[in-house]
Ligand code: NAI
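Take a look at this single chain, the form predicted on its own, given in structure tokens.
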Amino acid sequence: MLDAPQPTSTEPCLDPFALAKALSGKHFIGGKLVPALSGATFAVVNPATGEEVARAAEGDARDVDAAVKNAAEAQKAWAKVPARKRGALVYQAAGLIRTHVEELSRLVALETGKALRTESRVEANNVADIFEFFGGLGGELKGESVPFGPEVLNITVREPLGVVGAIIPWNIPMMLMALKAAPALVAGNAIVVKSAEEAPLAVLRIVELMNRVLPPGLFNIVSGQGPSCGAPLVEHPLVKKVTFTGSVETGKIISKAAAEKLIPVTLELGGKSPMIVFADCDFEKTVAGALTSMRFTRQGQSCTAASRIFVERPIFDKFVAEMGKRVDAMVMGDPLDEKTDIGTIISPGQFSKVKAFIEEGKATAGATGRACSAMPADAALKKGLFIQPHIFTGLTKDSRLVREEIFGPVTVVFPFDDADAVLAEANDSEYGLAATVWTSNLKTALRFAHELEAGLVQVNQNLVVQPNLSYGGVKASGLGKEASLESMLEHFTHKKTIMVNMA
């Protein structure tokens, strides 16, 4: 659909620095890369070196208004396109994303500090999977025939909501955008995304690529600060649905603003996920699972990170020692280096927050904080936001490291003796996003799977979000579900009842 010349190539660009510059200072609105109406920009910084790699357009209410109005106009025609054809176009766009996986992997590694091999490439492939999955679900946007009476035909149909506003975070920006945009588009909506200030580039590139297939104006993205760009998106009268991933505090603000308009919201607001390890577990598999569960390769910057690990006492000491040994073997370094396992924290603010938690834990009487892995030796990375993973033991249950979401490479490990007691401790949290149980006892596994207060419970594994698996939390972890057919039907359409009297 992009007929006008663009500053970026249709071919994959494997130089992330060049691509970052080509995307500098732009939103994507109405089928075009455009600057902010004010002309303002802000820096996009490589967290591994502290160097500015691009500028992002600093949007405000005027940019949001332009994006939403373009989306609203495009949505009128899009809603009339047969659902399977909408899905086919989204699927076609997913194929284009797949040819750009390596390019997107390098670009998101540059702006977020996530290691290319262990994290960024995985995320980029997941994005293509998500758009392909939802692209195939167009035919499932169907209603029902409801018995009423012999002379009345009573049916329901699924209709799109209109313009969807999506606000995404920086930790897995491409994947979280896809989880919102793919079902919204297939369901017949238009969408305006507000990117995270720290990571606006890879998501901008995805929107640009998809606009080579989709009708112009349907898929738009703006960048800017929360109060001046995100808030106007939520409050815009033409936005009929908001979907947000981020902090509990911001989620509450968005929920209140949406309530003023009486529009629906989907909120994914983080977690403090427990990992419960029984002595009868497959020890080798479980220790490896602890590294995956804590998302150490993402520097612990994950809502589902196993930041509370409970280990049955007979294997506690052995488990902690082996876990530390394996994290020590992980390589911290340049995110764009194939040898790197662990990259950087995203921003100076997040870096300071995580460091403060670590120092507080170390200063706690009776606590031990083991620093793992080794800081990079490369002088070029001396200004990078690298933090060694920390494994804490000996903390009390009321410690802030146990109660609050750190969003960094910090986990707390406790021994336990009693199954009932550890279940109560695991549930003693304001969050309820995810949990894992590691045991060879099926009865124990099923009991804990049912009684843990979490939206997603996995036994003997901790996979990241997968297409076709319903994902979302309970308690302060949010409202609504993502990643599944259910999310498309329940969160991006409304059900209309139609009655025809044939008498």
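When you see a residue number, it is the position in the sequence shown, counting from 1. What you see is a predicted model, and the numbers here were worked out from it, not measured in a lab.
Here the subject shifts to the form predicted in complex with the ligand, a form of this protein not shown in this document.
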Of Arg86, Lys194, Lys180, Lys272, the one that lies within 4.5 Å of the ligand in the predicted bound form (heavy atoms): Lys194
Proximity to the ligand in the predicted bound form, single hit among Ile345, Ile254, Met294, Ile342 (heavy atom within 4.5 Å): Ile254
In the predicted bound form, segment of 390-398, 149-157, 237-245, 71-79 with a heavy atom within 4.5 Å of the ligand: 237-245
Non-hydrogen atom contact Thr411 with the ligand in the predicted bound form at 4.5 angstroms: no
Interface membership of Ala231, the ligand in the predicted bound form, 4.5 Å heavy atom rule: yes
Interface membership of Asp129, the ligand in the predicted bound form, 4.5 Å heavy atom rule: no
The ligand contact at Arg313 in the predicted bound form, heavy atom, 4.5 Å: no
Residues in 160-187 with any heavy atom within 4.5 Å of the ligand in the predicted bound form: Ile167, Ile168, Pro169, Trp170, Asn171
